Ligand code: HAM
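Just one chain follows, in the form predicted on its own, and it is written as structure tokens.
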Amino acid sequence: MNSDESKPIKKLSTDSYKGVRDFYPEDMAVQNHIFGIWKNTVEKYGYQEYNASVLEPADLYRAKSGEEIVNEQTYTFTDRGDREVTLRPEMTPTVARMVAAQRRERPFPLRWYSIPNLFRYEQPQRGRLREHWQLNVDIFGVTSIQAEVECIQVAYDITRQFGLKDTDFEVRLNNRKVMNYVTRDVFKLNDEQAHKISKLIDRKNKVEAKVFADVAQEILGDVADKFLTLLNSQNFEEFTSHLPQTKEEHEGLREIREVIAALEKLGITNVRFDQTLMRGFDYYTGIVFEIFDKNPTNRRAVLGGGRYDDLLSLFGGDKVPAVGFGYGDVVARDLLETYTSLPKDIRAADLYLCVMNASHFDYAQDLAQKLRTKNIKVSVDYSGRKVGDQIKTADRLKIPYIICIGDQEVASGEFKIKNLVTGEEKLSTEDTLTTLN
């Protein structure tokens, strides 16, 4: 006997890889519902859909997303051509590359959106997995704050579509220009200190207050207390009161005021300045924003984005102003569960043909094809089981109507259509059946 044949066969696990999901039909119904909300909303604003490969050179993320992202949070490997490749953790560098490649051929401003599959090697938790889909919305070629206002308006509209009222969430705003002004001009930090404190601020709500204060003390030394006072300000007015008198001239502060005022004119009044909002990516250059769900069940950012005017210059040529945001499907599903309900209509078809005898398969198949030309979704049971079992299958599949095909139906060309929900039956023929309602 061959030694290999004597070895017991190892059973493969039916579990999916940690941090990713299998999408059974009912899950796909939810996913399609989320995608439908996203697409319908952004297309009302004139955004066009694009896509790209899930594989990108690792240097693309190392250059602008940050070394930490590549080294600690990505699936990066060397391919057979000895090239370092990354499964994309985000879409912004990819769309920047694509726009840069055709900047001379495209009419600006560009309004693009995509729903890519993204990968992050991190600890799975509520609202965050290692693989997810994300709506990305970007506008290119607009230097004014109207680009920020439009992106926030789109994000606000989407969030309302998930069932949230204005009292359920906040639009939080900050500006990287302001934080650069604070760290470099007001507190005179060098580049290394400014970078460290920025990364610390981005983690402020994820660490204990004492730990945060101790690390800030190590970075800032004598000015730590003043910096923490500024950072703990309760609103925009208190924050600016701690800045020098020349603050009124600062562009970043002016932009925050203008964005808030413009949003209020559009009826979006649940906007709040948040000086701790940094958005972790290094490429942001101006306004940054997020929508924050205040419900205790979620209590987290459901989307985030901002202005990144310098990113396209990485590929050579002139800068192209850009603003965009990302909205993940995992947290979108959480919103549906919290504020409305998950879609329940997951029926596989409109009509189920139960076939009593194998000799009638051809007739059933022909009937199904004729009905499909009338935009009726038809599923045919070729199992040869008892009719009662076939009807049970239709019911489990949530298919509302059935027709049973037997000798009488084949001979007469007439059949009864039964509504499995109400029990109602009606007589019809191939020619008279144009709708099931």
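For every residue, the number given is its place in the sequence shown, counted from 1. Everything numeric in this text was worked out from a predicted model, so none of it was measured.
One more form of this protein should be noted, the form predicted together with histidyl-adenosine monophosphate (HAM), which is absent from this view; the next part is about it.
Listed stretches are 172-180, 128-136, 261-269, 156-164; the contact stretch with histidyl-adenosine monophosphate (HAM) in the predicted bound form is 128-136, by a heavy atom cutoff of 4.5 Å. In the predicted bound form, histidyl-adenosine monophosphate (HAM) sits within 4.5 Å of a heavy atom of Y308. Taking the partner from elsewhere, E337 is found to have every heavy atom lying beyond 4.5 Å of histidyl-adenosine monophosphate (HAM) in the predicted bound form. Although the partner is absent here, G326 sits close enough that one of its heavy atoms falls within 4.5 Å of histidyl-adenosine monophosphate (HAM) in the predicted bound form. Within this chain, E122 lines the site of histidyl-adenosine monophosphate (HAM) in the predicted bound form, having a heavy atom no more than 4.5 Å away.
With the partner omitted here, the residue from E90, D282, E150, D274 that has a non-hydrogen atom within 4.5 angstroms of histidyl-adenosine monophosphate (HAM) in the predicted bound form is E90. For the residues A100, V331, L110, A349, the 4.5 Å heavy atom test against histidyl-adenosine monophosphate (HAM) in the predicted bound form is passed only by V331. Applying a 4.5 Å heavy atom cutoff to histidyl-adenosine monophosphate (HAM) in the predicted bound form picks out A301, V302, L303, G304, G305, G306, Y308 from 290-318, in order along the sequence.
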